[in-house]
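Single chain ahead, written as structure tokens, the form predicted alone.
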């Protein structure tokens, strides 16, 4: 079973379209936004690849948005745009067959740390505002998106750091294959806060990035009228800490074999970090390499989703690329690897 990408919703420092995303990645320079006045806390840098001028009340209204953290708000907007772009309107006839699967790293790091701090500094009996608690759970974004749009199908949050989107994509394909749903919103989200900025800075992963990217993935059916932007053919995952490059190559081979795609036919590879020699023993050296991290920073769980956006941008601008297979790959510091095969 494959999945058809029929809609997308992207918010990033580069802009709100796959075209702007591709342009920023192609330029290769960090998209810097002035973040000095956003928070009371100090930040490691005055500029960061964060989303400018995001106002959830302007986009979704005041009702139900007062206590949302930024990650949840970004995910809800991206989910709504993916539904609209894919021409799917949830109603009583289909809402039980439409769900959400989002990748995450830790949920909202700021919400979790702020709530934990309140339990330590408030007077006994530790009168922490209970309204803040829902934002601390990792599935807050997927749950709020389902509530907002009335989706009653599969709802899941998959934690996996930089591989989370690829894990979510694999989860979604399995759900479609088993007949649990007909359509899923699949994506990832990361917010920019002092917490994520310092976490990226102190671990050497900086600068921290901010983005949300969600795709409407649908089951191939004879009655589907929306033209797909791409088709997700297969996803493979694995683990090989040393040497990690060999582990990723093996994972790519398995994904290509499952998709019944010859390595020689791969036209492009997109990832967070990818040099020209990456996977040179598996896919042609002439295959295009696209890395989102140099332009958009450390976006963790949404990295793979941004890589898919870059590929969709390339498919849209290059008619010769249509119908040719491409790869989205990821590798974590601890040796986890994943690869997805798509065809635009």
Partner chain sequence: MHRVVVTGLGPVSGIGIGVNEFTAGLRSGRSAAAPITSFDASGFPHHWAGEVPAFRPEALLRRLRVADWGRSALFAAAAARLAAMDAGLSLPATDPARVGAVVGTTSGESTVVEQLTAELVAGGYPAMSAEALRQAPAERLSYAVSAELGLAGESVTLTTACSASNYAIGYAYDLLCWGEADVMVAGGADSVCRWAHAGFYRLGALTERACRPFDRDRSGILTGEGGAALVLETLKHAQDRGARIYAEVLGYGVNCDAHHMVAPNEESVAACMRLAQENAGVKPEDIDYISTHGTGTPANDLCEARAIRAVFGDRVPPVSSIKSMLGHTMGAASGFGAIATTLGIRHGFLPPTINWANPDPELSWIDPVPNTARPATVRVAQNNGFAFGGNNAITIFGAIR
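Positions refer to the first chain, counted from 1. Predicted, not measured: the structure shown is a model, and the values here were computed from it.
If you look for the form predicted in complex with its partner chain, you will not find it shown, but the lines that follow are about it.
In the predicted complex, no residue of the candidate spot (2, 49 and 59) has a heavy atom lying within 4.5 Å of its partner chain. Only one segment in the set 261 to 269, 215 to 223, 199 to 207, 74 to 82 has any non-hydrogen atom within 4.5 angstroms of its partner chain in the predicted complex, and it is 199 to 207. Proximity of residue 333 to its partner chain in the predicted complex falls within the 4.5 Å heavy atom cutoff. Heavy atoms of residue 174 reach within 4.5 Å of its partner chain in the predicted complex, making it an interface residue. Its partner chain in the predicted complex comes within 4.5 Å of no heavy atom belonging to residue 90.
Remark: residue 151 counts among the residues lining its partner chain in the predicted complex, judged by a heavy atom distance of 4.5 Å or less. Along 297 to 329, a non-hydrogen atom within 4.5 Å of its partner chain in the predicted complex is carried by no residue at all.
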